[in-house]
Every structure is written in structure tokens, then in C-alpha cells.
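One chain comes next, on its own, written as C-alpha cells: the form predicted on its own.
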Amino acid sequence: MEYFRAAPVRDFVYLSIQIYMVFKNTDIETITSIRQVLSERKQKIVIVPHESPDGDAIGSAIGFGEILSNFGHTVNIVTPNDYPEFLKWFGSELNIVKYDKDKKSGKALFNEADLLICVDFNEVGRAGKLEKRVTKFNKTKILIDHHPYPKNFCTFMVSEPEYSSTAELIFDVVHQIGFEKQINKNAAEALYTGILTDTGAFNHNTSRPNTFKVVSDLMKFGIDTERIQSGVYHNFSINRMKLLGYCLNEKMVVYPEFRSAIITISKEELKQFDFQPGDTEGFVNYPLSIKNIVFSVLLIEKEKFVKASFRSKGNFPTNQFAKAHFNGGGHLNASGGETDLSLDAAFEKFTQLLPKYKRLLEETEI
């Protein structure tokens, strides 16, 4: 078995100083332990993003996977289910297994793995069909995530909610553990995509200068930011655009007195427009383009529940709203949840809640 040279003591002193400067919630011992785990020997690693991976989830998985692979590890990505077509243009050649379509391969990779890395989710239930696999994995597990209030289900946890995205956080983690020389163009492309999508093309979660510093550093690897922008935002199907038009024209309800708006989509409507994973990505943001609207909600009917997405401007706390009423959570301006209510009942619940938040909505500054 081949082992890598251990880092000299002076590196750990330097590392301690850097961690103090960068991370708020993650202690020096955690980063040092992660560095040792990833540096001591070549390993078989499985990286898992959350269910229905978005740009940050798949970008973080691919970006970190490329870096670890360049270091010498054998890396496989196992996603709980498929991810949108507009996120399938990455240059990376890492093996990506969709567990819902290939359980046999996914199970084999878990059984063979020495290490499991979970990215962009803060509780094991967000792993969807992989929840039991993640829970029962009895070797080292590492979590890297930027969502608040994480549950303790991994050996080592890096949870930093101030970060715009998990992709931005991974970039800093990579530097803290001394793997920055393993970043290549494919990794930079994937991490940039994660930041781009989780900030809504830099429209929210961008109050920290570090976000733009990381973006600047990633651009030094020669990534084509215009091509990435086009791949993410100008690569939709005709049916997706028709569904968006239908939602804005027929399904959006605006409540000017509460500075709020809501869009609801039924299972039948999704079927009517030949819905594909990712087709409703970003729909919840559109009502915020309306003058004086500060709170937007998207309710989508699934097979056994209604999925809720929340977005806001200013200091209106969507995460508190989601936690209190829709079994969810997230960030101040971007969060999600779900309910067992019917679509109509969920819509009615939302409208009945608005008066309780009227004062807060009125006082929200934008």
C-alpha cells in the first residue's frame, strides 16, 4: 500500500492560522484530520450530492472529485437520482452513477469505498434513495456543506452557512488541506458553476467579498465563463420555456398588500409540458422581479407531497418561514420545504399565513 509523505509541523502551524482566518464553525482539529485522511494513502472514494442535484450539488461533487482524483484517489460520484440536462456539459470524465437507475453499480461502489464524502446537504434524509446507504456506511464519512443547522451523521463535518455555496466552501477547504495544486480546469469549471447557480447568477448570497475572490481565482484556470453561463441559462428545452410562460401567465398570484407572490404547479400540468428534472429550476425567482415584491413561493405537486421553494429580498427570513410552516429550512433569502397537504390546501395555508407576516413584509428593506 502506498503512503504519501506526511506534512511537516510548520505546515500545520500555518494551517492553523489560515483556518482561524477563514472558517467560523470548523475547528482546526477537524481540518487537520480531514487533511490526514485524504493525504495518508490512496483510497477509493464515493462522493454523494443531495437528491435531485442542482448546480451547486453536482458542481461541488465533480469539482472536489476532480481534485481528489488528481491527487491519486479513485473517485466515483453516486447521485440519488438524475440531474438536469443543462448541467451535463462538464468536461470531467469522472464516473457518475445515478442510483435510481443503476442500484447494482451504486451498491458495489459503496461496498468497495474506503471513504464517503457528502456534499451540499446537511441531513441524511436529503440523500433520498441513498439515505440508508449513507447511514449504514461504517467507515469514515466527511460532510462539506453550507446549509444551516446540520445534523450529525458524519465523522468529520465542515458546515459554514455564511458561504454562498458549497462550491465556494470546497475551494477554501481544498486550500486549507493543501490540495490547491490539484485544481485543474475541469475542477475550476465545476466549482464556478456551483457558485454561479447557487447565487442565481450572482443575484443573491453575494454579500461576502470572499465569493468574488474565489471566482477570480477560479477564472485563472482558463475557464470560459460565457460558455458556462450559456450552458446553464441558455440551454433549456422548448417545453421548459412554455411551462415558464404558462406559470407566469396563468399560475402566478400576486399579493401587493403583502409584497408577496406565489406560483403553484400540479402533477397534471407538469405532465402536460413533458416535465424533465430541472425544468422548474429558477421559477421561484421570477416574481421577485416585480416592483415591491420581496417574498416569492413556488409550490410543486409531487406523488406523495408538495415541494415548496422560498425566495426573498432584504431581511425577510424565508428559512424561518419554511421551518415553521413547511418542515424545511435553508438560508435567509433562499430555502425550501415540503408538506403532506394537497396542492390546494398548501396554497390555502400560504394565503392564510400572509397576514401574520404583514408587518415584517412591510418593513423589509430592499
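Everything numeric in this text was worked out from a predicted model, so none of it was measured. One-based numbering along the sequence shown.
Unshown form predicted together with guanosine-5'-monophosphate; subsequent notes refer to it.
Mind telling me which stretch in 66-74, 334-342, 39-47, 22-30 gets its heavy atoms within 4.5 Å of guanosine-5'-monophosphate in the model of the complex?
That would be stretch 334-342.
Would H147 count as touching guanosine-5'-monophosphate in the model of the complex under a 4.5 Å heavy atom rule?
It does: once guanosine-5'-monophosphate is placed as it appears in the model of the complex, H147 has a heavy atom within 4.5 Å of it.
Indicate whether H204 is a 4.5 Å heavy atom neighbour of guanosine-5'-monophosphate in the model of the complex.
H204 lies outside the contact set for guanosine-5'-monophosphate.
My question is simply whether S309 lines the interface with guanosine-5'-monophosphate in the model of the complex - judged by any non-hydrogen atom within 4.5 Å.
Although guanosine-5'-monophosphate is absent here, S309 would touch it in the model of the complex, with heavy atoms inside 4.5 Å.
Taking guanosine-5'-monophosphate as it sits in the model of the complex, is E123 near enough to touch it, meaning that at least one heavy atom pair lies within 4.5 angstroms?
Output for E123 is yes: heavy atoms within 4.5 Å of guanosine-5'-monophosphate.
Using the arrangement in the model of the complex, list in sequence order the residues of 171-206 with any heavy atom within 4.5 angstroms of guanosine-5'-monophosphate.
Residues within 4.5 Å: none in this stretch.
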